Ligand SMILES: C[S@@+](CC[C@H](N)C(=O)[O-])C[C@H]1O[C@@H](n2cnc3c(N)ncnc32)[C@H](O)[C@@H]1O
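What follows is one chain in structure tokens, specifically the form predicted alone.
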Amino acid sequence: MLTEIENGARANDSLASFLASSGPGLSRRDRGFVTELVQGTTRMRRAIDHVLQPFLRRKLDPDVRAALRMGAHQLLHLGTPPHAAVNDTVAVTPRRASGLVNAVLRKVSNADPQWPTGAIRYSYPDWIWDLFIDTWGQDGRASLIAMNSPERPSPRPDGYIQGQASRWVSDEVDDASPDGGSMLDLCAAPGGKTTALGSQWSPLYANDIDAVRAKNLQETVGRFRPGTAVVISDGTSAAFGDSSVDAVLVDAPCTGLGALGRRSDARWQISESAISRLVLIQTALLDEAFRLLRPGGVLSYSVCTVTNEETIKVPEDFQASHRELTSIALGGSHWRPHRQGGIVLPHDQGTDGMAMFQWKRQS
């Protein structure tokens, strides 16, 4: 799995596939250990490589590098006794490299790592570390550290496993419209926020642009929110008429920088240049949501990120260009005030980072 992920596979997908095929033969404890080895080694890759580098003299094959990283993660971050971490890692290492892995891991077990930067110590690309520090100061540093020990959410009463910050978004959508009516979740996959919405919404539409994701979405709503209508259309030109629904949720595609703990590979895949591209998409989605919203209806915008561009500029520019909108204050005490909306940083409550804004369209 580690070599697959380094070659571009998504960590969550690779892990889910393995556990589905081989997981039934593992104990619950072993399933958890496999998950930590994959997610933790992926998440802490930069710190691990920094510690390994002084003991390496040649380029490694991908499978050997993965084995070394896995062993070093146990030594550096899991507190595994050295004899267990070294011996068990050597046992699964390709035979051609078992001596090398044994020697290097024994040196790592006695090393006293020196960390030239926080980005290296806590295993982030420099640009992400700098963005958090520049934007949030010490809160940014605390958030980055917190995302290396991600939330392990409990199932909802219906059994769906969903992070608390995402649940708070659905709660705010419900609270802003207690009388309910017709609701459109414009970017609905995988379906967590849709299925968490209250019973006052009817009809409830779940829209997504991607046919494959929509198929998975259909399975999710079929299990957790039967009767939801799944629609496949581009959220920037949705298959709905003008002023056709009472409420719209735009849980927009974003950089996901508030959810880097849950998505262990994302910190290595997202680029700084993606921010400006995603801002354009977020703006287009909000403009389309406004077209669909009836007078008197409520529009909600959420993103699991913390950049000023996505959490301040987009909603403020949108409201400035749509004078018929009035901001609605968020009700939950977990939200930090964030201009006209609210934000939760990852270290605030031990959840994903999340920003949210709501508006009412005047009659």
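Remember, predicted model here, so these are calculated numbers, not experimental data. In this text, residue numbers run from 1 along the sequence as written.
The following text describes the form predicted in complex with this ligand, which does not appear among the structures shown.
Q: Though this ligand is not shown, can you say which of Gly180, Gly118, Pro125, Pro253 has a heavy atom within 4.5 Å of it in the predicted complex?
A: Exactly one listed residue reaches within 4.5 Å, namely Pro253.
Q: With this ligand left out of view, choose which of Ala142, Val279, Leu100, Ile209 has a non-hydrogen atom within 4.5 angstroms of it in the predicted complex.
A: The residue from Ala142, Val279, Leu100, Ile209 that makes the contact is Ile209.
Q: Using the partner position in the predicted complex, report whether Lys193 sits within 4.5 Å of this ligand, counting heavy atoms only.
A: The answer is yes: Lys193 has a heavy atom within 4.5 Å of this ligand.
Q: Wondering, does Gly235 line up within 4.5 Å of this ligand in the predicted complex on heavy atoms?
A: The answer is yes: Gly235 has a heavy atom within 4.5 Å of this ligand.
Q: I'd like to know if Arg213 sits close to this ligand in the predicted complex, meaning any non-hydrogen atom pair within 4.5 angstroms.
A: Within the cut-off, so yes.
Q: Verify the contact flag for Ala189: yes if a non-hydrogen atom of it lies within 4.5 Å of a non-hydrogen atom of this ligand in the predicted complex, no if not.
A: Yes.
Q: With the partner removed from view, which of 200-208, 144-152, 222-230, 109-117 is the stretch that lies within 4.5 Å of this ligand in the predicted complex, judged by heavy atom distances?
A: Result of the contact check: 200-208.
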